[in-house]
Structure formats: structure tokens, C-alpha cells
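Just the one chain here, the form predicted on its own, laid out as C-alpha cells.
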Amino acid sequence: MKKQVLFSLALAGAMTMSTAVTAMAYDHEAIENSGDITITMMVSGTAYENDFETEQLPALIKEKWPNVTLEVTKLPDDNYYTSLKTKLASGECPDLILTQPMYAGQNSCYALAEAGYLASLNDLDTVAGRQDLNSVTYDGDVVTSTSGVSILGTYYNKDLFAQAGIESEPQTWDEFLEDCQKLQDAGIQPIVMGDKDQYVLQFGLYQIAANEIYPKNPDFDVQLRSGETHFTDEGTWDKVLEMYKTLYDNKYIDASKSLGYGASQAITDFIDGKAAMTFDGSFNAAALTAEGAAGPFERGYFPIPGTEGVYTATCLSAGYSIYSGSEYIDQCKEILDYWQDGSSPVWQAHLGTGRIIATYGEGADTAPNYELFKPFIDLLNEGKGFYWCNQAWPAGTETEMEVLFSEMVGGQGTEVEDIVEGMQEKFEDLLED
């Protein structure tokens, strides 16, 4: 019997449905009755040897349905966005495309669904009964099929923690600061970050926001769009930014180093044992668990705790949508159902890449780094998970936050008040575009 585990993500969004959807069944024999067909698919990323999307997936689909040829194009992110925009405008979009949850990125499922480009997936067998699809549900329709989550957390070196006399993971913000001080007092750099690549600032800030903003108001971002809330509201983003700034003020993160470090250099320092912690995502687990110059040491992974508890910044991963103008909508639904059914050869191959943390299905609890991610999974099961903030913002809002925060910790005179005002102004400008 197929094992299925469902996670309930606390995702804000008045335009989404929080309950399971039902719909008339699609034609489950569409492929068998189609004769020889070619289905096209376009995704972003870099193709590697034995790449899942460009090599394994087409071969497994051909093995299941000999009459189907799946042609997959994989493009670097910028090229993907440009190509997708052009193909949608011309009406020549591939049958299957990679989309992001909510408003994240230029291929956000909300924006594409609002424009009428995405087919409803409510009738997929793999959608029935799931309660965790809010961030890929637009106006009552599930529009992206995804089976995984992505996590932001704190990787740490258990050996260095022990050297500093730290016996357990912190459960409150005050405990976290105390642990940072213990590490510093022991001559150990508490946290290394690659802030030269400013996007990594999101890795810490969103963890704090998951604790300090959304438990109090899960609809904060929805209300941002209606004008009921603002980034400048006291006790919201000002608090988040002040808390993160504390780490720099105390040199738990050394701005003189971090602002000159790229993301890859920070990862190298961490695995080389030069710092006890780094904020990063599940998507970089392979790099962060690799052996470095320090030799083997045990890693842990925990969410930055908040002032009143521990929540996790976790979002649904990117997934796959069907172009509403496709000639093969039901056939694509068959493929997605087979892929995401929790047991098929395609499912196992995708899980085997180590690139997804599955929310259900066979092998989910034995996938690479499962034990590392288990604390976050437990929080999700308790309903203590919130999406990444930028998924709900017009793209570019987070960039303004990053630039201004970098100016502040770089000593350029920028204050927290300037950051929240800048975020609000940018948000409003982008919302009007």
C-alpha cells in the first residue's frame, strides 16, 4: 500500500482555496487513444549528464507509453523567462512548463493563471485530498503540480557547538544569541554568510519573518496588496530587520568579510570548519554536507527560533503546469499523475536526484538528508510553516530590501526606517506596473 504523508502549510492568500478541490475526471485513456504524439516541455536550469528532465524523464515516459515522445528543453533561468514570455505571447508555448508558487519569479503561477495561460489541474488524481496546495491554487484552481518543499534554515557544525559548550539547538531567539556569544567567546566565528551575493540575505530574514510576522497575521501579505498592512507597520518588518541587524552589530556575522564573500565562498568556509553556522536552503544541502578541509564533522539543521516559539520558512517547490492552449491537456494530465503518484518509476527517479523533499509517497522518509530535514517536517506537521516572503511580493521588492540592508550593515548610514520605507515604496510601484 502506498504510504502518503500530507503536510499542511500555513499559506496566506485570499485568492486561494484552503480546502481540497474536486472536479470531473479527465480522460485517463487519452494517451492510449492518441496514436503517436509528441509532447513538448520547457524548464529552467542546467542540464547535466543523465539529467532528470532532459534524459531520464523522456526515457521513462517512452517506456510507459511507447507512442509518446517527450521533447524537453532546458534553458538557463534568464533565457527561460525570456523564451517563456515570447512563446506565450505567440501562442506557441510548450505543453508543459515549469512554474513557481504564488507570485515568485517571472514564471509565477498566479500571474500566469490570471492571464489565462494555465489549465486547471483540479481533476488530477494526485491533487485529490491534498490540503497543502494553497500557494499553487488560483481562484479555486490548482494550476501547478508539485510534490516537494524547499526549506530555509541554519546549518551548523556540531563539533564546534560542542567545543563552545553548546549542548542543544536553541529554542528561543535569546538562546540563539547566547549560543552565538558562546561561540565567539570560544574564538569561533558564529555565522558565515556570502552577502556579496545579496540574495542570501533572504535566507536569514525570511526565517525571522516566519517567526515574528506570520504567526500573528498569516494574511499580512494579502493585506499588503489591499493596503490594510504596510512594511512600515510597527512591530512587523522593523522588528525582523532589527533582529537580523543584531547579528551584524555583534559581529556574529562579520560584515567586513560577508560583504566581500560570494555565496559559494561562504559554503566553503562552513565545510572547512571556519564558522559554526550558515543560513541556507535545502537546495544547497549537497554542497553544505560535503567534506571540506576540516575533514568529516556532523552537521545539524534548525530553524532560527523566534521570540515566542519556533516556526519554519518553508515553501512549496517549483512544479509543472499545463499550457491552457495545449492540444494535449488530458495527455499531459496523465503524465503528471504518473509522475507524481508517489510510487512510479518517474517518481522514484525524481526523488533519487536528491533535489526534492517530497511531501508524500514511497521513499520520502529515506530520501537523501531526510534526517537533516526532519525537524522542519515535524514543524510542518504541527502547522508551523510559512512560505518564503518573496513568493507573495512583486518581483523586485526583495531586491530593494537586500540593497538597503547591505547599505546599513556596510556603514553607509541607512537605517531600518529607510529599509521599510524603501520596501513599501518599491512594493507599491511594482504593484502599479
Partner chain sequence: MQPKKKRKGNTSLIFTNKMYVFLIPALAMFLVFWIYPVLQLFYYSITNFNGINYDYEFVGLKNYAKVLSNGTLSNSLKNTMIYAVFTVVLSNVIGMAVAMALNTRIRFKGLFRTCAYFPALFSAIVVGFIWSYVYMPGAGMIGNLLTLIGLDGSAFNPLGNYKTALYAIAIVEIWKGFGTTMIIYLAGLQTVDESLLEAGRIDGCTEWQLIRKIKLPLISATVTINVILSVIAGLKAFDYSFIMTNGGPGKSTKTLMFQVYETAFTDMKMGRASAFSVMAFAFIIIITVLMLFYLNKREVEL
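Numbering follows the first chain given and starts at 1. The model shown is predicted, which means the values in this text are computed figures rather than measured ones.
Heads up, the form predicted together with its partner chain isn't pictured, but that's what we're talking about next.
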Exercise. In the predicted complex, which of the stretches 220 to 228, 193 to 201, 342 to 350, 238 to 246 has residues with heavy atoms within 4.5 Å of its partner chain?
Worked result: 193 to 201
Exercise. Any chance T69 has a heavy atom within 4.5 Å of its partner chain in the predicted complex?
Worked result: no
Exercise. So in the predicted complex, does A395 come within 4.5 Å of its partner chain, heavy atom to heavy atom?
Worked result: yes
Exercise. Should R299 be classed as touching its partner chain in the predicted complex when contacts are defined as heavy atoms within 4.5 Å?
Worked result: no
Exercise. Is the gap between E407 and its partner chain in the predicted complex 4.5 Å or less for some heavy atom pair?
Worked result: yes
Exercise. Using a 4.5 Å cut on heavy atoms, which of Q181, T82, Q171, Q131 is close to its partner chain in the predicted complex?
Worked result: T82
Exercise. Among N33, N381, T399, T366, which has any heavy atom within 4.5 Å of its partner chain in the predicted complex?
Worked result: T399
Exercise. Is every one of S256, G260 and V403 in contact with its partner chain in the predicted complex, taking contact as a heavy atom within 4.5 Å?
Worked result: yes
Seminar exercise, completed: Those residues of 69 to 91 with a non-hydrogen atom no more than 4.5 Å from its partner chain in the predicted complex are D78, T82, K85, L88, A89
